[in-house]
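Quick setup: one chain, the form predicted on its own, written in structure tokens, and binding and motion questions come after.
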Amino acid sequence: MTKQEDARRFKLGKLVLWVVLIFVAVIQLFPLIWLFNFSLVSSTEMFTSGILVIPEEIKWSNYSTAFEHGHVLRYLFNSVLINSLAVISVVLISIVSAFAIRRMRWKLSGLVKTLLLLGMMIPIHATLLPNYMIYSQLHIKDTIWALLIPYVAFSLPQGLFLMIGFLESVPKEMEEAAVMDGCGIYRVIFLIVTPMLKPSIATVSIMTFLNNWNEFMMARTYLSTPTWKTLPFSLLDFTGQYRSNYAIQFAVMALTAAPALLVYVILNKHITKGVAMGAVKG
């Protein structure tokens, strides 16, 4: 077989690969395209025979109505606040726990690590009823803690798993040198170790944010007043007033999905890079 034939086969294989990848990407992106398309039409234009609709007039007013009457700003603030606190808590606890498990010598470190990582096997919604009863007894139902506690608890095992993998790549000699220079344990963790864990911190932060952003079942179960309702509630509250106006409901869904989509698109490389590095180093 000549080099020219090899080159042709290589180009053909590359072309086939690109066609397959583009086809898969279109399938994956179609629900978003469909959602955005139906959010810009009138309600009467939605009931057509085609999968997508070419509107006679683009209805940007659907978004202004959704934004005004869907309490988007208030629920968006609640979502950002709760998720930000969850991300900060998960990152801090993951760093400290990973350091305690991998660097400190104590008999139960392996058992504690196993117990914490077992949390990855428990579905978050399996604890709905027990948590509801506990929160009722503690009188913290319908508060920020009702969401913050399970969001942190169920994001922690994944964060700890990634942090432990990255911590293995940090040279112990640097920590020992810092101790010799008089650094205490907290200065070693936060001034020496933490800066070296930046890729892992970015990955854990993004994945925690995305996992909790669209969570609705717990928020629906534990919250009864608008005080701490999150962004997915905007659609639920909107359907009552605009039950027959499906186009505006699609606009609300698009506004709800937009923040998480933007975060994923902008920071996707950090997610894939962090997970790959953690898997290799762990």
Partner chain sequence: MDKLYRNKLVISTLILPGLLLFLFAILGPIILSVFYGFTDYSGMGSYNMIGFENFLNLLKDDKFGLALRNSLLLALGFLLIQHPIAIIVAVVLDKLRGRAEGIFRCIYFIPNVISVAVIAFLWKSVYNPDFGFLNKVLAFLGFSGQINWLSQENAIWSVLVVLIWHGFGWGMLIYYTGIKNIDPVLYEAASIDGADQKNTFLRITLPLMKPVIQVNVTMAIISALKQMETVYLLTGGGPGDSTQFTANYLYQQAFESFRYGYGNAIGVVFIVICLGVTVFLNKVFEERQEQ
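A quick note: this is a predicted structure, and the numbers were derived from the prediction, not measured. Residue numbers count along the first chain shown, from 1. Think of the rigid core as the biggest set of C-alphas that the two forms share within 1.5 Å after superposition.
Omitted from view is the form predicted in complex with its partner chain, to which the following refers.
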{"item": "Contacting member of 195, 171, 110, 123, with respect to its partner chain in the predicted complex [4.5 Å, heavy atom]", "value": "123"}
{"item": "Among the candidates 82, 167, 152, 91, the residue which, in the predicted complex, approaches its partner chain to within 4.5 Å (heavy atoms)", "value": "152"}
{"item": "is_contact(residue 77, its partner chain) in the predicted complex, heavy atom dist at most 4.5 Å", "value": "no"}
{"item": "In the predicted complex, residue 207 touching its partner chain (heavy atom, 4.5 Å)", "value": "yes"}
{"item": "Interface membership of residue 47, its partner chain in the predicted complex, 4.5 Å heavy atom rule", "value": "yes"}
{"item": "Contact label in the predicted complex: residue 220 to its partner chain, heavy atom within 4.5 Å", "value": "yes"}
{"item": "Residues within 4.5 Å of its partner chain in the predicted complex, restricted to 76-107 and counted by heavy atom", "value": "93, 96, 97, 99, 100, 101, 103, 104, 105, 106"}
{"item": "Residue 41 C-alpha moves between the shown form and the other one by 2 Å or more, core aligned", "value": "yes"}
{"item": "Rigid core superposed: residue 224 CA moves 2 Å or more between the shown form and the other one", "value": "no"}
